[in-house]
Ligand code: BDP
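A single chain, nothing else alongside it, follows as structure tokens in the form predicted on its own.
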Amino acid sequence: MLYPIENRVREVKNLNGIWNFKVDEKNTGIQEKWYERPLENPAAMAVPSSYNDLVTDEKIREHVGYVWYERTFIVPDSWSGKRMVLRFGSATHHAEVYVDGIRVAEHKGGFLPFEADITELIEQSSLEEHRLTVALSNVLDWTCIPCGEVISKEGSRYPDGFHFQETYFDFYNYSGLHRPVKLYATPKKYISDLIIQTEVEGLSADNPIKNPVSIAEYNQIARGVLPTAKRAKVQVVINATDEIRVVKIFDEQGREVAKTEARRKEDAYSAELVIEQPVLWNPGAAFLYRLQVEGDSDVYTETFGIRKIEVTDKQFQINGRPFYFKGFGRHEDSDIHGKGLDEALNIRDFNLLKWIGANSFRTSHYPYSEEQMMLADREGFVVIDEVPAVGMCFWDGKSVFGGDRVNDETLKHHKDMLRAMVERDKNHPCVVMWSVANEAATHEEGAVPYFKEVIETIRKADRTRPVTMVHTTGPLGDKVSQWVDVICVNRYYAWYNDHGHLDVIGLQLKDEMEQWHRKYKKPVIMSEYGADTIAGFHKLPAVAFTEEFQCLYMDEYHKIFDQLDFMIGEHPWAYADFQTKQGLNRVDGNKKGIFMRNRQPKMAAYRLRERWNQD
């Protein structure tokens, strides 16, 4: 799916702003056909944003079910004769979309885009102003990812109709139109999709240290002369109803570096271009080319980068050099905005990532906004892109992959989301690996056929990137990692077990990591580790929840990482404090952040900055 852009034949209208908003208290709005008329007595609501933290009524914040969004828009006369499309960056989690009371789209899945071609509807309408209505449900069950269930309780000790949304993941179930809503126009004959794949020839990488272990050794490699290549082949597949003529490539200075005619191949067009002496996309040193496709009617330009990814039994290599993942598991989360797109916050976050010495992050636990992915392309951050398969594990030993929980419909939706994630992010050079799940119950027998099919699906969708999944099951119990390329592990020694005993970390961590590598002979990333920390809480000697304890806690992990040559990354949990559902183990959210929710540093941020930037 192509991102809407403006050029000489394409136009985009931004529909963000203040919309009408109404809570469907009885969840009867669709049956009562609210979409056929303007919403009655609506409130004002910002788009994009999560509605939960913008209201002052607890019942609205915790509402389970449908809410409604509405606004009007005008199609300019200059769009006559063009194809017109409504596009939603995301709608969390399930949406039905109406224009002038007519349903034009429905979508299941809250973290990926969808669109509706409304050309025929607009052409047949005599209205000058059109009404756009969205019915949006935040309900999660076992037919979707993330997974969840609505719990109802009855009896004299509960109010009538008492119910709540139960989730099995540790972040707040924010809902709303979280990303931009756009209306765009293209020619009637148009370009619908581009697939760009690159192949590097004559790669030369200055790599004085062949088997790095410490951060200092990885940093020495990264600070060396950038890798070069003699040439790059760029393979392009173009889906279009237009007649495609020419494909061109421009560098960052706007110079044309390659050009060829497109060839029709079955139901698509293809092109192969060669760039001599290409500038490679490197972590921390991004270089983006622009590929321009020109047809008889339509034109589209897509940025891309040239880089080579390889995985060995002990290394993750980018452009022939060993790469060490320094960064975080993160969340799209901030005060007031919730999960709503905030471009200013994204800039602040990327500046803080550079300040601390990070080079990567994981989109835990869902694909982030396209705007953030484009920023990662530009700034040279390496991304592990994760599908929203979270909540597939019970901590009380109950079965997940069987019975009335994870089922065939869950699997179908999971596969749909994988394909949609690849379709959206396939051309981003920042994305170096796909993650198919977070903390699933991979020790269960039912997980084996499930994840075998899941991983086959992602590999069929994209054969150019390695695949991982993020584990909480230990190496002895895991049954599915034979199908992935990299092992990612979340572990909280001395926190959820042996709480506060820092002296157990080294022994337990080293033993488990060596078990993982012995079993699968694959490199390992510590994708989560951390301790809840209350900013400004200090004590000597250090105790849990103090800033001193967070620093000492991470030190124990880092000592072991620097001993194991198959460890290829560390992503502390988490980048910043974030909101969760209410619970006895959470005081207004998860406080494991290295930064506070307002993006100010804790002591641990300075500790990591010193480690990640060491010579």
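Since the structure is predicted, the reported quantities are computational estimates derived from the model, not experimental observations. Residue indices: 1-based, along the sequence shown.
A second form of this protein, the form predicted together with the named molecule, is not displayed here; the remarks below concern that form.
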*asked:* Is residue 490 near the named molecule? Define near as a heavy atom within 4.5 Å, in the model of the complex.
replied: yes
*4.5 angstroms heavy atom contact with the named molecule in the model of the complex for residue 496*: yes
_Can you tell me whether residue 49 touches the named molecule? I mean in the model of the complex, with a 4.5 angstroms heavy atom cut-off._
no
*Within a 4.5 Å heavy atom cut-off, is residue 170 in contact with the named molecule in the model of the complex?*
yes
*So in the model of the complex, are 468, 485 and 566 all sitting within 4.5 Å of the named molecule, heavy atoms only?*
no
_Given the stretches 556-564, 29-37, 55-63, 586-594, which is the single one in contact with the named molecule in the model of the complex, using a heavy atom cutoff of 4.5 Å?_
586-594
*Consider the chain as shown here, without its partner, and state which of 178, 307, 326, 365 has a heavy atom within 4.5 Å of the named molecule in the model of the complex.*
365
_in the model of the complex, the one of 439, 370, 115, 302 near the named molecule [non-hydrogen atom within 4.5 angstroms]_ = 439
*Which residues from 517-537 come close to the named molecule in the model of the complex, meaning a heavy atom within 4.5 Å?*
528
